Each structure stands twice: as structure tokens, then as C-alpha cells.
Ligand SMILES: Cc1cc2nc3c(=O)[nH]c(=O)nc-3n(C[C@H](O)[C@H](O)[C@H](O)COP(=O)(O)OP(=O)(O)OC[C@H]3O[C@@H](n4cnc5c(N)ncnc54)[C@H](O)[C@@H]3O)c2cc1C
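Okay, here we've got a single chain as C-alpha cells, the form predicted alone, with questions on binding and movement later.
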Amino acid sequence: MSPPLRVAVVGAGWAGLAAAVEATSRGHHVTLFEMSATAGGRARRLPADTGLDFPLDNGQHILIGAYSTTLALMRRVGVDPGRVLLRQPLALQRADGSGLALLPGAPLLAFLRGVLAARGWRWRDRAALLAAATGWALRGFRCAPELTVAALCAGLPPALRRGLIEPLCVAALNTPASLASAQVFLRVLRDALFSGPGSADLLLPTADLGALLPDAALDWLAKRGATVALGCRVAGLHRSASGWQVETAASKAGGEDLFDRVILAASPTQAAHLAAAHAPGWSAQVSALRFEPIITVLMQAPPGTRLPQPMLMLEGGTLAPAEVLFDLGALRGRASPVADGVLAAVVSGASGWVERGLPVTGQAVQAQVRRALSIEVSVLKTHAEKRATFLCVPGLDRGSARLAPGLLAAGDHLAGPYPSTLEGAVRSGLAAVDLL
């Protein structure tokens, strides 16, 4: 066996946590740096001073059954997915029951039955979707790299594009169908809908995001001798004959932080800044990525309100920005009774609404939910994650995991088959450790 290495992991998002856990499990001496006081990155619990009586997240995240690597990591650090996630067959339906819902079973049969049973679709819509899906499958879920989702689905009926393809695309890729990569979209469909029984299942968090992974991962690392430095900003990296020095406030004061390897798992902006002197090409490549925000609008419905399902699709439009609505009372109710009647609406691909302002967005979503559900709701809080995901466009040139000798990177923005997802982040963290 090779001798253990001194490894610095910069960033305690899901990629950094995965890298730190994997490197520690292989016997390396790991120090995990995180500039924030909270681990989790772009999938984290918000500080407690939100004005509400239960923990909030920076956004509503969905896992699916195909996220095998993420689920395995959760179990590894002691989190039981069955305790913190509600598992149910995929349902992309509105309040009136229209839309696609899959039944348990073999993927192809479940998809066929779901399409044939979908409410609100004409038979020609069903036939067109089955024909398109068959064609995608026969081509191995591959297409020309320059193709957009809108171009890929141009032959589908307009009602099907508006009611299924466009909201599914923006929810999965956080990129409008007119701009989104068709190749990445097809890969998501392949792995989610057709890779095995249960792969398309929705896994909806019943606890805050901190309880899904970050809390347990930090505890797991501390118990195994890893050093965790929260609230510790890395200001620079310096390479010498004896290793890599990680510059922090402590090192400026005379501390000595020397490492054999560094894994940059920070945000793309910070990672590009830290890598600029050592991998200028990689830094420029990552800096060129464009990002898209996600807005979450929390609303209070009358006590006892329950949606037909914990997650509903909403009909979008010019004045209807949200695509998905979550019933936090149903999801969080057992752990947090004060969440009763609290709904969370998600606006993906939200750059235009960020420009209009969060108060305007909150009012638009409030009116949209009132129309869809015929109930009164009031806005509790509107939160924007302004750099939630990279814009997943065709032919996107994403950075690699190798930057320079002894300097690696991890993150869902790096080269890979997936859009910006938790599964992509976790896989990249493990891949970086393979390169140590």
C-alpha cells in the first residue's frame, strides 16, 4: 500500500464532503476547509435566524432513485435514507391529476403504462411521446452535441412540450429548453427512467439538507481524525519543494499548513481564483461558465392544508414563474409540526425574475398558487440562490479534475455526463480521490 498523504480539501459542499470522507477512509490525513460556518455548499441548511420556527434550506432539492452514489455515501456516514427521504414513484402531475405518473415495476413497462394512463393528454400526444422515447432509446439516448432540447423535441405536440418537456427540462437542468443541451437531457432521462427498477423514484427530503449528509459527514470525519475547519477562508495556494501551503488567516499568523495534495471543491468562482496562478487555462475555462439562479418562495396556507401529493407541478406562463410546489407540512410535519400548511414553490432558470426583484417574484408566485389551488396563501420568505447551477448549454466546455501536479478539483461543474446535481457533485468528489 502507498503511504498516506496529507490532503487538503477546500470546500465542504457535497463534492468536498464526498472527497474528504473517501480520502479519510483510504487512510489519508485530511483537512477540510470551509469558508462558511455551515457545510453543504449550494445544498445546505440556512442559519437559524430566518424568522421561522423550523430549519429552512437554501432551496428545495430532489433526489431520485438513480442517485446510487449519493445514497451509498449517506449510508456510509450513518444516515438512513429511509428516515430522511420520502420515496415514491415518479409523479409529474398538477393539482387536477393531469400529467405523467409512473407505477412501480420494470422501467420500460412502467413508462409505457404511465404514458397510456396519463390524464389530460390526447391519444395523439401519448403516441407521439412513445414514438419519440422509442427513437431516443434506439439511438442509445445520444444525439448531435450541438442540439438543444427544444430542437430535439420540436416534433412533439405543443401541449406536450409545454406541459412535460419544458418544465421537466428546466427542473432537471435549470436551463430553458431553448438553451439546454439535448445530450445531457437524454442522459438524465436514460439514467432516471430506464436504468433499473426504482431509478425514477422521487426521493423527497423529510428533514433539512444538513441532516441528509453534511451533519453526519462532519461527525464521521471528526471521529476518524480528520481536521474540519469551518469558517476558515482559504486565501491562496503556494507550491514549494515540501508540498502545498494553504494560506489562511492562521497561516498568515505563522501557522504551517503543508499538504501533499490539494482538492479544490470550492465554488467555481473561488476555485478559479485559487487555481489561477497554477492552472491559468483551467481557471479561465471555469470562469467562463455562466450560472443560473433558482428562487424559492415559502408561503403559508391555512392550517391543515394538504396538497394532493407532496410535490406538484405548476402550469407556468409569463406571470406564473414557478414550476414545482412542495408541501412542507406533509414532508416535514412529523419532525416540525410548525411546518403545517407551509408550501415551497421553486422557480428554476430564474435570471429574469431575479432582475424583477424578489418581492415581485413572491407576489407572482402567490397569485399563481392561488389560481392553481383555489386557496389563500401569504408569502413568508423569498430566497434566491443566485449562482445555483451552471447554464447547461450544448457543447459546454467544462473543466477537468486534473489542474497541476498535486492539485485536483471536484464539483458538479466539472466535465461529466450530468447537469448540476447532487449526484454529479458526489461522484466528482470520489473521482478526485481516485487521482490522488
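None of these values were measured; they are calculated from a predicted model. From 1 onward, residues are counted along the sequence shown.
Another form exists, predicted together with the ligand; not displayed. Remarks below refer to it.
With the partner removed from view, the residue among Thr305, Ser267, Ser251, Thr206 that has a non-hydrogen atom within 4.5 Å of the ligand in the predicted bound form turns out to be Ser267. The closest heavy atom approach of Ala43 to the ligand in the predicted bound form falls within 4.5 Å. In the predicted bound form, at least one heavy atom of His61 sits within 4.5 Å of a heavy atom of the ligand. Although the partner is absent here, Thr24 is not a contact residue: none of its heavy atoms lies within 4.5 angstroms of the ligand in the predicted bound form.
The ligand in the predicted bound form is approached by Arg233, whose closest heavy atom lies within 4.5 angstroms of it. The three marked residues, Val10, Ser420 and Ala425, each reach the ligand in the predicted bound form, with a heavy atom inside 4.5 Å. Residues from 378 to 413 that approach the ligand in the predicted bound form with a non-hydrogen atom closer than or equal to 4.5 Å are Glu385, Ala388, Thr389, Gly411, Asp412, in the order they occur in the chain.
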